[in-house]
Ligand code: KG4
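In structure tokens, the next block holds one chain alone, the form predicted on its own.
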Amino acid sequence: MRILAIETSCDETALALLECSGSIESPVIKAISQALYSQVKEHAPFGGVFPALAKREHVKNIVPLFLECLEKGQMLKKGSTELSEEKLATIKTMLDHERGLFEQFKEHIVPLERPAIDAVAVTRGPGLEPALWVGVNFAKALSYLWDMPIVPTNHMEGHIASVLVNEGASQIAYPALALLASGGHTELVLIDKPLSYRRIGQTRDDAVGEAFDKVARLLGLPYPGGPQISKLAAGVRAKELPPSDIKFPRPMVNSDDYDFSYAGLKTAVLYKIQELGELTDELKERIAYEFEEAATDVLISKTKKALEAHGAQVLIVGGGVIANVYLRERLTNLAAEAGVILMLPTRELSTDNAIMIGAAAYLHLASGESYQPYSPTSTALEADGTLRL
């Protein structure tokens, strides 16, 4: 089965073609091609993602990336099928809210031969709704144009499914525990069986990735701040410096639940910076190191507690924060100590991408769920920025 996947939940415009086979218990998921544009440079002056700008950039890039994806997958062919004025008008209505997208669609996509794709998957949520709508409306138009089933997909489920994309990826044994850590989410999800998710812990305020970025701004580091914090922290470890007087709290580390809180940790960093005054390069390194240690200690502690309480056999980890080398090392050690299988995505698949969205969609298709081509008169499909597993 070939799936076209579309991801526009935040500041990455991503498309991918996947070849999928096998059962839901033992899926085989391979990427045929992918195309991605990151908007980091556009958002850097704002110190974070600006929703209206994200939407504009998605509209600008989604058609060129789609064509690139088809070309890489050797599916880009001009066709001769004539489109009725009525159908073209319906597509225009679908894309009217994304200024300029219909014109691109009409010029570059309508003349194409229908590619050999069995379904189109698109991120429905969670995420920034203005950004999500670009992908959702584009997927609707493709589904309607080429009579392809459309599979609305949960972004967080995509992060879980990302661990299945590696060649020779292990099968998931149940129960499994998923730690999802990104700029917008920090949560623990118990998976009792395929496609059965129960969130048992979540952040009560800032997500861990959000805290990394906020602390980076306090230190005057460029956006995105997470990698900058980790770079400074790694420098302290490499130098093997003696312990510092700078210490930060581990919020909720001893609570009886699996919830997280990072707003207080960020505030503790703010107060320490105000106390120290002008920061030398060494002080910035020390603060970054102690912050990363505190943030990571909480993630590891809560995950360990949940693994033990629920008898999980597998620990799945996903989300952009998992690109952090130090966190990956700590999680590897935790899994070894707990005697569980650790399933991590590749560094490339840790951040937002379309491959994981196609993988999640395939799990639903492999389970026997039925999806139909989009119909303006009978299909209800909307972006949902707060969509939950």
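Remember, it's a predicted structure, so these values are computed and weren't measured experimentally. So that there is no doubt, residue numbering starts at 1 and follows the sequence shown.
Absent from the display: the form predicted together with the named molecule. The rest refers to it.
J.: May I ask you to choose, among 201, 209, 130, 251, the residue with a heavy atom within 4.5 Å of the named molecule in the model of the complex?
T.: Only one option qualifies, and that one is 209.
J.: Could you work out which of 194, 227, 149, 235 is the residue within 4.5 angstroms of the named molecule in the model of the complex, going by heavy atoms?
T.: Only one listed residue qualifies here, and that residue is 227.
J.: Of these, 114-122, 218-226, 84-92, 266-274, which stretch puts a heavy atom within 4.5 angstroms of the named molecule in the model of the complex?
T.: Comparing against the named molecule in the model of the complex, the contact stretch is 218-226.
J.: Can residue 351 be called a contact residue for the named molecule in the model of the complex at 4.5 Å between heavy atoms?
T.: Contact with the named molecule, yes.
J.: Taking heavy atoms only, is residue 28 within 4.5 angstroms of the named molecule in the model of the complex?
T.: Heavy-atom contact with the named molecule at 4.5 Å: absent for residue 28.
J.: Looking in the model of the complex, any heavy atom of residue 323 within 4.5 Å of the named molecule?
T.: It does: once the named molecule is placed as it appears in the model of the complex, residue 323 has a heavy atom within 4.5 Å of it.
J.: Just checking whether residue 135 would be counted as a contact of the named molecule in the model of the complex - the rule being heavy atoms within 4.5 angstroms.
T.: Residue 135 lies outside the contact set for the named molecule.
J.: Any residue of 177-210 with a heavy atom within 4.5 Å of the named molecule in the model of the complex counts; write them all down in order.
T.: Residues within 4.5 Å: 182, 183, 184, 209, 210.
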